[in-house]
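A single chain, nothing else alongside it, follows as structure tokens in the form predicted alone.
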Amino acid sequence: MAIKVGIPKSLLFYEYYPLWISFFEGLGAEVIVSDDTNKEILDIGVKASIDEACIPVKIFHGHVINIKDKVDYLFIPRIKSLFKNEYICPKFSGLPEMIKSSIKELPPIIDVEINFFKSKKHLKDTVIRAGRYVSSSNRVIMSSYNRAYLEYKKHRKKIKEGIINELTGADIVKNNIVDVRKVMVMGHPYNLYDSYLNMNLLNKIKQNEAKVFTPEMIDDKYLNKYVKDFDGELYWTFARKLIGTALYLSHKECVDGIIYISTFGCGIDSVVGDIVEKLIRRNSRIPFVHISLDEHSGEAGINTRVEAFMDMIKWRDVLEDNISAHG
């Protein structure tokens, strides 16, 4: 019988799921992914986690509970750094301990450390440590990883072409419509692609006859080029990505509006969201709205803000040159 490896469908799952799933399946494991985020998962996650945690971490707890009794192992890597000289949010580093202290009767956790702050020279060792839970052959483990990495690259290519895989819980967004308004939705991947958390925001924008873009659709070389113009030090991977996106958009002015999604209690977003808004408002004429989510957010309020924002964009096309003579 195949070893069952469980992967919670939350946090960086939305960024790396083709890599993780393909890797363990290539080793002969049966990968079990938790259900799409729903009210039950949210409620049990909120109950299990500490009050001070942000809502994505609370939801992650719910996803763990959703699958913990169905698997032999849980894959919860200890992520410290994904790129050289950059850190990721500290909650990813302490996630395995947080889960162990909050949730009882857990299966063994595959909590390998991912830390590329200095270099990626230890990547092979990290991959082998993760794979050893399923296979005893280093050759088989590395072969499976190499195939999985190719799947991940294909996934990234599809996103840049405007296709968001249905497995993430978001509907497919195909940017093949012409002569419509373009809206950039910014935020961390788990805020953008968890349609329950963001209350189906991407499809709400599509229903307003707009083309949806996300930062993942911009080539990294452009983000890295424009982020060099930022006057300040960038220590966080998400900060580089989002500030680079803001500078790119303010320079190109290639969208009709920007919606920034953050979650209440996110330390990084409390700074980065403010920086992004100032950059957009200072350097461009692109309309901008910041939407903050938590477990108490109501869909009616989100609908009202999105509809008002889309109406404002439409009215600008008609009324922008119709300036009052007063004054």
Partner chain sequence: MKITFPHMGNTYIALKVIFEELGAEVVIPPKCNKNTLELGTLYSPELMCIPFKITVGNYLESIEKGADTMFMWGGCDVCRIGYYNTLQKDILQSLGYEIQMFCLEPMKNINDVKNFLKKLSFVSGSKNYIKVLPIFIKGLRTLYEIDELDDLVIKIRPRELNRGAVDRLYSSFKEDVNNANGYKSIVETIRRYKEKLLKIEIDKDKEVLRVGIVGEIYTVVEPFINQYLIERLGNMGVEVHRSVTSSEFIKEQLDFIPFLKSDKEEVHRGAKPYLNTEIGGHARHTVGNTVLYSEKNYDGVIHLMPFTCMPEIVAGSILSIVEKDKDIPILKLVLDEMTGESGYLTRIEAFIDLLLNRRESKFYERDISWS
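Numbering follows the first chain given and starts at 1. For clarity, every value in this text was computed on a predicted model and none was experimentally measured.
The following text describes the form predicted together with its partner chain, which does not appear among the structures shown.
From the list 251-259, 191-199, 148-156, 77-85, the contact stretch for its partner chain in the predicted complex under a 4.5 Å heavy atom rule is 77-85. For the chain shown alone, residue 138 is not a contact residue for its partner chain in the predicted complex, no non-hydrogen atom being within 4.5 angstroms. Proximity of residue 268 to its partner chain in the predicted complex falls within the 4.5 Å heavy atom cutoff. The closest heavy atom approach of residue 278 to its partner chain in the predicted complex falls within 4.5 Å. Among residues of the shown chain, residue 134 is not one whose heavy atoms approach its partner chain to within 4.5 Å in the predicted complex.
Taking the partner from elsewhere, every residue among 50, 93 and 230 has a non-hydrogen atom within 4.5 angstroms of its partner chain in the predicted complex. Think of it this way: in the predicted complex, its partner chain has a heavy atom of just one of 106, 210, 218, 234 within 4.5 Å, and the residue is 234. Note on the partner interface in the predicted complex: the residue among 71, 247, 239, 114 having a heavy atom within 4.5 angstroms of its partner chain is 239.
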